[in-house]
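A single chain comes next, written as structure tokens; it is the form predicted on its own.
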Amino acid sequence: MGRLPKEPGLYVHVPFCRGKCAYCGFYSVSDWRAMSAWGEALLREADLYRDRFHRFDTLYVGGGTPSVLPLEDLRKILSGLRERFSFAEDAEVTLEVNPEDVTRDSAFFWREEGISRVSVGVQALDDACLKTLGRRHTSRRALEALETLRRAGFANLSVDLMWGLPDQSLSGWLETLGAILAYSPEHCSCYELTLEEGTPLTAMVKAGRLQLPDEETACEFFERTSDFLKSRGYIHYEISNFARSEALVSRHNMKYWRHGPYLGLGPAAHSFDGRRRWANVSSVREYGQNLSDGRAPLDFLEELTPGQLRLETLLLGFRMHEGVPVAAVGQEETPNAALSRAVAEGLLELRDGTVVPTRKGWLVADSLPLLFSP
């Protein structure tokens, strides 16, 4: 897969939800009274960056639950961003939606407003699992949403699914994948359930009320998922992500994994310009107040050292099937020795000047960069 241009991506964090899912660790609120004021603050924040970020080739509206935005509010935000920034003619514009928000009217509206890609948070097609996760849709409603989006003309659908759920069987998971593939999504994200501190699901697991699969079972879920989707024509291009072709990978998320630049707007949003990273405050109120006072709503800003940049390049790059250039590993004696050991252990492979993770390496991807740390 060739490397994409280094044009930055734009991310918008919509911090509103109908309620908090039991597993979710992302910043969101269920009080919508500040929604209108948040939209105005968002465009004020965009004004702060219009001279630093001129052109984007991706726009990703995530959250939270962006699909809860009143349609006119979403229109104002999208038009406001287009007034302030330049976007490539073929920009990938993604909107995250929950199935319960998908109607014929909303789907046609999203298309008319230039949304080219919809990411649907299905998560599971087992109603008991959905209830455990705190989701608000049923399996039937999820499939109806996919049908509605197809009828509205969306030709680029991504479906988010979760495996490793309490009481989830491998056979049930594969049935879920099969049912989803009946709608031929262009992209699937299959995430292992992770426990986030402070969430109700974590508390239930710690209390012994729920039990997650052991490590061996989790490995089997991962491997069978990869085999299942690859046998049906999908490219396993990143640990948790599959696309029908190289042209259908998530162009926006590739910016993160390739350590490219991106601007994040909204409470709790993160940004990176190639050497500095910053994040906004995780509070709708503080976010709006800072911008009303003419200040950037920053929680922190840091300049990364060459060593930190290198480690992050490896951490992100080893998540992708394309890997990283050999030069990113380092030419010194210690990295070369570590690379030789990793290849001998079947964790990494060398291909045409690139260091590529194997599937065995993907199972321990987070620890691979540590092999090359000083």
Partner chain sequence: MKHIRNFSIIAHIDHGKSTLADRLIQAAGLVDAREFRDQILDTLDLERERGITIKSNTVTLPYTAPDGRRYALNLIDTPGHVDFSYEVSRALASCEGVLLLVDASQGVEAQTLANLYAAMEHDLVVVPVINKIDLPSADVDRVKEEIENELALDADHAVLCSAKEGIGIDDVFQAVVERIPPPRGDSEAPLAALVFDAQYDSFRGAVVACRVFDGRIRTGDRIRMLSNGAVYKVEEVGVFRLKREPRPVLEAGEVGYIIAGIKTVSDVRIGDTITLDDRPTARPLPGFRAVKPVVFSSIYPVSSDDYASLQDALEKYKLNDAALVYQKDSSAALGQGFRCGFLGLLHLEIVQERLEREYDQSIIMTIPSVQYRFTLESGETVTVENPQYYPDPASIKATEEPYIRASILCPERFMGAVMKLCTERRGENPRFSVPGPGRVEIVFDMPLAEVIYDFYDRLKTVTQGYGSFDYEMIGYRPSDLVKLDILVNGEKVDALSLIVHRDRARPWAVQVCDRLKEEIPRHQFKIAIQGAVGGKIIARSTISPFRKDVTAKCYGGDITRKRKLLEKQKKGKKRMKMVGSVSIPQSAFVAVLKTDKE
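What you are looking at is a predicted structure, and each value in this text was computed from that prediction instead of being measured. Numbering follows the first chain given and starts at 1.
The form predicted in complex with its partner chain exists for this protein as well; it is not shown, and the discussion that follows is about that form.
Undergrad: Among 215-223, 83-91, 285-293, 173-181, which stretch sits within 4.5 Å of its partner chain in the predicted bound form, heavy atoms only?
TA: Heavy-atom contact with the partner occurs in 215-223.
Undergrad: Which residue, Ser158, Thr132, Asn280, Asn253, is the contact with its partner chain in the predicted bound form, using a 4.5 Å heavy atom cutoff?
TA: In short, Asn253.
Undergrad: If the cut-off is 4.5 angstroms on heavy atoms, which of these, Thr194, Gln211, Ser79, Ser245, is the one near its partner chain in the predicted bound form?
TA: Of the candidates Thr194, Gln211, Ser79, Ser245, Thr194 is the one lying within 4.5 Å of its partner chain in the predicted bound form.
Undergrad: Any of the heavy atoms of Gln308 lying within 4.5 Å of its partner chain in the predicted bound form?
TA: Gln308: yes, in contact with its partner chain in the predicted bound form.
Undergrad: With heavy atoms only and a cut-off of 4.5 Å, decide whether Glu345 touches its partner chain in the predicted bound form.
TA: Contact with its partner chain, yes.
Undergrad: Using a 4.5 angstroms cut-off on non-hydrogen atoms, would Ala203 count as touching its partner chain in the predicted bound form?
TA: Although its partner chain is absent here, Ala203 would stay clear of it in the predicted bound form, with no heavy atoms inside 4.5 Å.
Undergrad: Decide whether Trp257 counts as a contact residue for its partner chain in the predicted bound form under a heavy atom distance cut-off of 4.5 Å.
TA: Yes, contact at 4.5 Å.
Undergrad: Quick one: Phe26, Leu316 and Leu371 and its partner chain in the predicted bound form, is every residue within 4.5 Å by at least one heavy atom?
TA: All of them do, each having a heavy atom within 4.5 Å of the partner.
Undergrad: Even though the chain is shown alone, can you say which residues of 237-262 have a heavy atom within 4.5 Å of its partner chain in the predicted bound form?
TA: Contacts from 237-262: Ile239, Ser240, Asn241, Asn253, Tyr256, Trp257, Tyr262.
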